[in-house]
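A single chain, nothing else alongside it, follows as structure tokens in the form predicted alone.
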């Protein structure tokens, strides 16, 4: 019997725990820092869920963007991780063609007034595919773990945040939770996400070069649209359509979390060149996250192009018919004040930059691990999440994380190495 310990019950951890436990010779324990919200909690979701504080981490993890102050960074908390609160937009990566997965995919039941207006206004705007079954949201936990919770060789422990890894002679032998519970294992897979995975490795004393380096997100901006009363429909998914161009995207949100009378156009640079990092504060030991978005002039100019297009879209007659007013900040500054003004848009981006919350690339394969996620210099220690990517994928990465975890867990499960 091989004892596996999976740290993190987000999208990747749900896949890894499910697939490893398919082999009855494996004994698998999944530790999730947050609660198990249960299947009924997600059954009627239309998402995003940033207004539901039970679903996201509210701890001290903050990020710094270039030239900006520290800010909280949205990350899902609970069994299912960020699949509890994300879009949940699913985009297939051509490189993952042929990789089987359990996530159900459906288009939105309707585009809604704003989504329909954008599709009318822009010929290449298309409906998204969502992680849904029968019109209802399905999280990674719903798809991968909940149906098999009775499997005798699988233990899923919620409310079990891990404090550090346990090591012996440069081998991973388990982990200890913040409450002091020790979980011993033959192999440890860290699936805590591109911020928390490198932080956990660093605080545990893992000294492999490159940990925390190479962090990326899709730098983004938001144009807020005030909807006419007849255009409001809270029953529709938040995200219904996107405009995808070479290395860029404009995402259409029918309604905002907790503010259904507002929609949004969110533009993002999908192939950024700026790189950040995750480190530990030498004074306090707390996690420091530097995204360094728009730290290259190439990224500045390319995102400016996307923003100029987004501002024109917000003024299109089809969009104005359902959303007559558009704003570029929380003070009510009109989007029209920036239209066509490249210098003003460039300055606005520097002070109003946001992100897609798609962090990746902080423990890259080939640098921190081998091709199958085993950390260089240690035995029995693996990474199984978006930390491994060679930077943030050029698409919405939810499905890419699922398929990465599928590939890795299949290799680990079928490996003859003990």
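Residue numbers count along the first chain shown, from 1. Just so we're clear, the structure is a prediction, and the values are computed from it rather than from any experiment.
Keep in mind that the form predicted together with a small molecule is not shown, yet the notes after this line are about it.
### Task
Name the stretch, out of 205-213, 72-80, 223-231, 342-350, where some heavy atom lies within 4.5 Å of the small molecule in the model of the complex.
Within 4.5 Å of the partner lies stretch 72-80.
### Query
Taking 108, 240 and 253 as a possible spot, do all three reach the small molecule in the model of the complex with a heavy atom inside 4.5 Å?
No residue of the spot touches the small molecule in the model of the complex.
### Task
Examine residue 85 and determine whether its closest non-hydrogen atom to the small molecule in the model of the complex is within 4.5 angstroms.
Contact with the small molecule, yes.
### Message
Using a 4.5 angstroms cut-off on non-hydrogen atoms, would residue 408 count as touching the small molecule in the model of the complex?
### Response
Although the small molecule is absent here, residue 408 would stay clear of it in the model of the complex, with no heavy atoms inside 4.5 Å.
### Task
Evaluate residue 31 for contact with the small molecule in the model of the complex, applying a 4.5 angstroms cut-off between non-hydrogen atoms, and reply yes or no.
Residue 31: contacts the small molecule in the model of the complex.
### Message
Quick check on residue 396: any heavy atom within 4.5 Å of the small molecule in the model of the complex?
### Response
Although the small molecule is absent here, residue 396 would touch it in the model of the complex, with heavy atoms inside 4.5 Å.
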